[in-house]
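Shown below, as C-alpha cells, is a lone chain in the form predicted on its own; questions about how it binds or moves come after it.
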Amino acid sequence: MPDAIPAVHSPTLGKDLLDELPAYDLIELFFFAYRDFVSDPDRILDEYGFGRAHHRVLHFVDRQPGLTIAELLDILRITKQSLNRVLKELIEKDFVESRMGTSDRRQRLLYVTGQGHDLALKLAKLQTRRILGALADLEPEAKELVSSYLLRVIDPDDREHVERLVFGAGKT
C-alpha cells in the first residue's frame, strides 16, 4: 500500500486541495453512513452472538463458494488468528463448512450451509433496502456514479482485484 496520498489537484482552482482544510464533511458522512449501513445487520447478528467479522466472512463465502482461507484473508485483511476464531464459531454453529481441496488436500475450501446462506441473504437484503432507499430519489445513473466513486476510494493497487471480486471476470 502506498504511504503517501497522491496530490488532489483542482484544475479549476489551480491548487492542491490537500493544502486546504480536511474534507470533514465527507469524512463524517462516511462515518455516519457506515454506522447506519451496518446497524441493521448488527442487530440480527447479535441474536446469534455474531459480530461484523462473522458478517463479512458469511457474505464473501456465500458470494464465492469454495473460497480458500488465503483468498478470504486477502479480501478481509485480518489476521489468520482473527479469521480462525470467527470461522471456528461459524463452523461449530453450522453456518459455514470447510472442505478439503480436491487438488491439494491441505487446502481448505469454504462453503456456507443452508442456514449460512439464509442469514447472509437476510443481511444482504437489509443492506440492499437501505442502499436502494438512498438511491430512490436520485437520477437513474446515480448507482453507476456511486459505484464509480466508491471504486476510486479503494487503493489504486487493489482496484482491479476488487472489480473482479465485485463484478466478476471481464466485467466492470
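In case it trips you up, residue 1 is the first one in the sequence shown, and so on. Here the structure is a predicted model, which means the values were calculated and not measured.
Below: the form predicted together with the DNA, not depicted.
Undergrad: Which of these residues, Gln127, Thr68, Ser147, Gln64, gets a heavy atom within 4.5 Å of the DNA in the model of the complex?
TA: So the residue touching the DNA in the model of the complex, by this definition, is Thr68.
Undergrad: The DNA isn't shown here, but in the model of the complex which of Arg35, Lys122, Arg43, Arg106 has a heavy atom within 4.5 Å of it?
TA: Filtering the options by heavy-atom distance leaves Arg106.
Undergrad: Look up in the model of the complex whether Ile78 has a non-hydrogen atom within 4.5 angstroms of the DNA, and give yes or no.
TA: Contact check for Ile78: yes, within 4.5 Å of the DNA in the model of the complex.
Undergrad: Using a 4.5 Å heavy atom cut-off, state whether Arg56 contacts the DNA in the model of the complex.
TA: Residue-level check for Arg56: yes, a contact with the DNA.
Undergrad: Test of understanding: in the model of the complex, would Lys143 fall inside 4.5 Å of the DNA by heavy atoms?
TA: Although the DNA is absent here, Lys143 would stay clear of it in the model of the complex, with no heavy atoms inside 4.5 Å.
Undergrad: I'd like to know if Arg52 sits close to the DNA in the model of the complex, meaning any non-hydrogen atom pair within 4.5 angstroms.
TA: Yes, Arg52 lies within 4.5 Å of the DNA in the model of the complex.
Undergrad: Only one of 135 to 143, 114 to 122, 22 to 30, 44 to 52 has heavy atoms within 4.5 Å of the DNA in the model of the complex; I'd like to know which.
TA: Within 4.5 Å of the partner lies stretch 44 to 52.
Undergrad: Can you tell me which residues in 80 to 94 come within 4.5 angstroms of the DNA in the model of the complex, by heavy atoms?
TA: Read in sequence order, the residues that approach the DNA (within 4.5 Å, in the model of the complex) are Lys80, Gln81, Ser82, Asn84, Arg85, Val86, Lys88.
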